[in-house]
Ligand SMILES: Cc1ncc(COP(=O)(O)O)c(C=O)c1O
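One chain is shown next in structure tokens, namely the form predicted on its own.
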């Protein structure tokens, strides 16, 4: 593992480092694990303890840590080109990313704007949608529609179209006005009085009351709405909420009917995580703007893309003095190192076909989730889609009553999971798995079995 001074690392961390999404007081009398290495599905601490990386290092790691082909691509690129201004220059590594990615995307999506993370990919999409209408003379179209329980990033534009109050409520005075439509939250839908689990949401019997809420917003306000933004098939940070493909099709249909652009945020769902290369495929619909990041480089380096149509692009294509230029950019736009790894990642998808090879593993994952957790009294809902699985923990299964926030059940589970060699980082009281595509049946079984032991220990006192 190399030689590291654990005491010094933790001392510096405690005195100077501010961790994301973390109440630092929680670590006043506990130390975070010091991770020094990774390989495949596992992380390794400074003491040599193994952790199954069950959340793919914040949903980024696609093929397992340090995949040899991605490592080689990065090393080779270091001998060629480290960085160049992408405003007025181009390079073959960006071109290769675009050409390889085009083979996976709907033919309508042909214009690619590079940035460096998911939040900025969304910011770019929002600004594109806004300026698209302004450039065409529709000056009233300045608003956006988003869903309750949505999460699109932490920059202010992304916060404005977010629907998770836990993350965003404080910052509302800094945000712009949006319209929030009801989320397709099947488990907590007022019309869902049954005791069945959501699972993949494929067999949900519903009149899509939530879609009617969206329709009302569009009907009344479409003349001032530039775009609608949604995470297709899975509201990730909102609680790993899986919803039916039919809802997504209905959403796009309504947007088209009222002349509103559609933005798909596939930052979390893209690159195989839902069992398809992109979640949009499961509904057979195409957005006007698509936001990508996280798995674009297999989790190795930050890189993002906002992909759009020729129609959107042409609204900006004009003589300079017409003032239609898209004034947005980043210092590390189309960074050559990131592009080289992204190209290698896309080559892996094309040549090794991990989604086809892993179909049996996905089915096994879903089956074991049902077998292991269906009878647990603390499990209110079981949800899964591709390599994503989630349990919504409740105090009362019959009434769906959640645990009191002061119990911090999710946090207790997280801390106990580390001792069990897992990373079960919760979303409130939703425990989830966001597995890499390289995971095996044996690893799935081990991960879920350990997870059950952790949950039983916290919630059943076993």
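This structure is a prediction, so every number in the text was calculated from the model and none was measured. Residue numbers count along the first chain shown, from 1.
Note that the form predicted together with this ligand isn't included here; everything after this is about it.
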* Looking in the predicted bound form, is this ligand within 4.5 Å of a heavy atom from each of 125, 288 and 309? -> no
* Would you check, heavy atoms only and a 4.5 Å threshold, whether residue 119 touches this ligand in the predicted bound form? => yes
* Indicate whether residue 275 is a 4.5 Å heavy atom neighbour of this ligand in the predicted bound form. => no
* Just to confirm, residue 52 within 4.5 Å of this ligand in the predicted bound form by heavy atoms? -> no
* Partner contact for residue 296 in the predicted bound form: this ligand, 4.5 angstroms, heavy atom -> no
* **Candidate stretches 170-178, 311-319, 243-251, 263-271 - the one whose heavy atoms come within 4.5 Å of this ligand in the predicted bound form** => 263-271
* this ligand: the contacting residue among 358, 153, 338, 380 in the predicted bound form [heavy atom, 4.5 Å] -> 153
